[in-house]
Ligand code: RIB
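The chain below stands alone and is given in structure tokens; this is the form predicted alone.
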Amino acid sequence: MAEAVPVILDVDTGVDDALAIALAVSSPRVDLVAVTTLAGNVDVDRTTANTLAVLDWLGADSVPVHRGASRPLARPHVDAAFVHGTDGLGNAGLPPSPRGVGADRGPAAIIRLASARPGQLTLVCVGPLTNLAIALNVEPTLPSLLAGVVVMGGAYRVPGNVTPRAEFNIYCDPEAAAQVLATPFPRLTLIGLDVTEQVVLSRAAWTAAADGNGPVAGLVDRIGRRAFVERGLAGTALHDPLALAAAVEPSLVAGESAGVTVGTEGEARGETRLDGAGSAVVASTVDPGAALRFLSRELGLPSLI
């Protein structure tokens, strides 16, 4: 078996973030070192409470959580509660966690942990990029301290999901995204809607998973009800779990090296544009079946196909 990858998971815990957390806790391929939170799908107080609640529900109450940015770098926060529900977790009603957060804030925790283990940790960002941008401003050598960065964000050759041009994580804080994607990380992988929208949890797969036993099945049941019962969807994309899966099993996706620029104004806000040669690997293809088999196996769920 491949060695576990030590991961810092940076989240704005909504529904698919919760599944990414479950994957990080359940998979022997992931060594979850810490979780950092920020405003995104809902406000930072709620994303932090959600993160603690999900970890506790999964029996991972020893994983430290660090509260991060409460708003984007240069503009008011715009949430996605219309998708994730007012609590951010599809109104799942998980018991609140009694524990507190780590003493240092999200960006500081990223710097501290990476400095303590240079070249070892992979940072997986599945929300807006505010925490990472702040960390880069404080510690410009951070790219050399991380083994790699995987970002769930962007729509490179496909339409966006919040505007025709923009994916939500990038749209939420385009200034932070512009800074991060202009930084020459030694290893930066971008997992955008081009691939995540092909990896879909169907209603039938949700029903089968939710009928299972154990905390992961219970979590899937609760957080999926809004999508499949209240909203009547046929399927929901597994954006954030795919990003984490790609961090530990890179063969699930394929892409090309490119530069990326980010629009920050007007109708171009949050647009991610391929811009010639660059060091980022932008995922362009995915094997949906292989990805769903990986996720179901690592989560300990029935087949998600």
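Values in this document were obtained by computation on a predicted structure and should not be read as measured data. Throughout, we count residues from 1 along the sequence that is shown.
Beyond the structure shown, there is the form predicted together with the ligand, which is absent from this document and is the topic of what follows.
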The one option of 210, 145, 193, 113 with any heavy atom within 4.5 Å of the ligand in the predicted complex is 193
Within a 4.5 Å heavy atom cut-off, is residue 272 in contact with the ligand in the predicted complex?
-> no
Taking the shortest heavy atom distance, is residue 51 within 4.5 Å of the ligand in the predicted complex?
-> no
Does residue 152 reach the ligand in the predicted complex, with heavy atoms at most 4.5 Å apart?
-> yes
Exercise: residue 47 in contact with the ligand in the predicted complex, heavy atom 4.5 Å = no
Answer range among 232 to 240, 257 to 265, 62 to 70, 25 to 33 for contact with the ligand, defined in the predicted complex as heavy atoms within 4.5 Å = 232 to 240
Near the ligand in the predicted complex, with a heavy atom at 4.5 Å or closer, the residues from 158 to 182 are 161, 167, 168, 169
